[in-house]
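Just the one chain here, laid out as structure tokens, in the form predicted alone.
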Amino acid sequence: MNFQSGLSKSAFVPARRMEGVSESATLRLNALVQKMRAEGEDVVNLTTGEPDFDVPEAAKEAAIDAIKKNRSKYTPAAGIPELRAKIAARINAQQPSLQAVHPWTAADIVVTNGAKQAIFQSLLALVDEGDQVLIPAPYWLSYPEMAKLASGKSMILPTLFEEGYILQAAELEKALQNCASSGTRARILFLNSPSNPTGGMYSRNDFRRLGDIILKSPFAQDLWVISDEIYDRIVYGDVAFCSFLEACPELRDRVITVNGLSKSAAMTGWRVGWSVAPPSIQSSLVTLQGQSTSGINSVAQWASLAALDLPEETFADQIRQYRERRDLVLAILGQSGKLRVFSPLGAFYAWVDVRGACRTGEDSGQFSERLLSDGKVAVVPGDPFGGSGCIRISFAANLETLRKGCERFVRLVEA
């Protein structure tokens, strides 16, 4: 008897929580580019948000030292105490208004597998089925997908190019009223500054106006803010970086601040992020991590401790290079009257409205496919970011690559 023939066969049916959850467009496109390159095609890849700078030498040496000293055992689920204390000191420095009255301590920190895990755990800890997750658009493409996995419903809040892609207080107030009218709970508001994908930034006053709505609205009593500050170091001086709680310290007990070293220290593959959260939710976050990943790589934690010890001047040249790259991208793309390019204030992305360059009936996804097939330039279409008619370019690449890619882009548009 053939054993295989006796097995019961049935079609795989995913769990309902997977319905409508999309694969990361950025990772998918990056994989396609790698395949095309392997087949010999000359493709300029402007998709991924990964710094091309080297990891700081101090972090490398600390990792080697940790291995030699056998610091490679399990750590506490929330992270080694030394790293948690260093992160607390860093966030206190960014939030002096809070530091003076109610500073963060190591007990308020959970070190996570990248900022992504910190965000996902926050959603799982806070969102019940049907809760509304308020997401200003354009947004990082994982926010709504993670909200779905947490059984929440995404409510997308529009922002405008002319207003710097900043959520306006009136839009937030309207969204809260809509939640109340529909009988659903407004549970989370996502804020991301500097922003992926636009590079827009919130000023202290911008945050204060939103905070005032949250404090005063009768419909925001259960609302928490997840402030994604992963690009905090990469700013160009037009608007100063402001942590949300520095502008709205009264909301300390309803805000989770998320950050990490992937962008600011070019440590993407080390997967080191963290959440800073009040005691009311801290035990839930630690429990979630303990029952999922049990914590993060021990060696990466010791390396991160060294990276956080570095003075800001260590990264000054990287910021200078990012600014130079931004200016080059804006200058070249600005040569086409068919493109409308937002000038980023932070992060390392250019957000480009391509509707003037699209063919009849062509959307930004189809435009991106044409740019890849005919122009040999890979970008990410805006639809997964909530930005129909736009594309995102990453300028986390050297000047030669950027010049080549942007010139090809303009040639295709103007042909």
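Because the structure is a prediction, the values reported are computed rather than measured. In case it trips you up, residue 1 is the first one in the sequence shown, and so on.
If you look for the form predicted in complex with pyridoxal-5'-phosphate, you will not find it shown, but the lines that follow are about it.
Asker: Report whether the minimum heavy atom distance between residue 302 and pyridoxal-5'-phosphate in the predicted complex is within 4.5 Å.
Answerer: Outside the cut-off, so no.
Asker: So in the predicted complex, is pyridoxal-5'-phosphate close enough to residue 254 to count as touching (4.5 Å, heavy atoms)?
Answerer: Judged by the heavy-atom cut-off of 4.5 Å, residue 254 is well away from pyridoxal-5'-phosphate in the predicted complex.
Asker: Counting only non-hydrogen atoms and a 4.5 angstroms cut-off, does residue 196 reach pyridoxal-5'-phosphate in the predicted complex?
Answerer: Output for residue 196 is yes: heavy atoms within 4.5 Å of pyridoxal-5'-phosphate.
Asker: Closest heavy atom of residue 187 to pyridoxal-5'-phosphate in the predicted complex, within 4.5 Å or not?
Answerer: Contact check for residue 187: no, nothing within 4.5 Å of pyridoxal-5'-phosphate in the predicted complex.
Asker: In the predicted complex, which of the stretches 116 to 124, 88 to 96, 292 to 300, 334 to 342 has residues with heavy atoms within 4.5 Å of pyridoxal-5'-phosphate?
Answerer: Careful reading of the contacts points to 116 to 124.
Asker: Judged by heavy atoms and a 4.5 Å cut-off, are 140, 192 and 230 together in contact with pyridoxal-5'-phosphate in the predicted complex?
Answerer: Yes, the whole candidate spot contacts pyridoxal-5'-phosphate.
Asker: Exactly one residue in 159, 262, 243, 132 has a non-hydrogen atom within 4.5 Å of pyridoxal-5'-phosphate in the predicted complex; which is it?
Answerer: Here the answer is residue option 262.
Asker: Tell me, which of 153, 271, 209, 323 has a heavy atom within 4.5 angstroms of pyridoxal-5'-phosphate in the predicted complex?
Answerer: Selected residue: 271.
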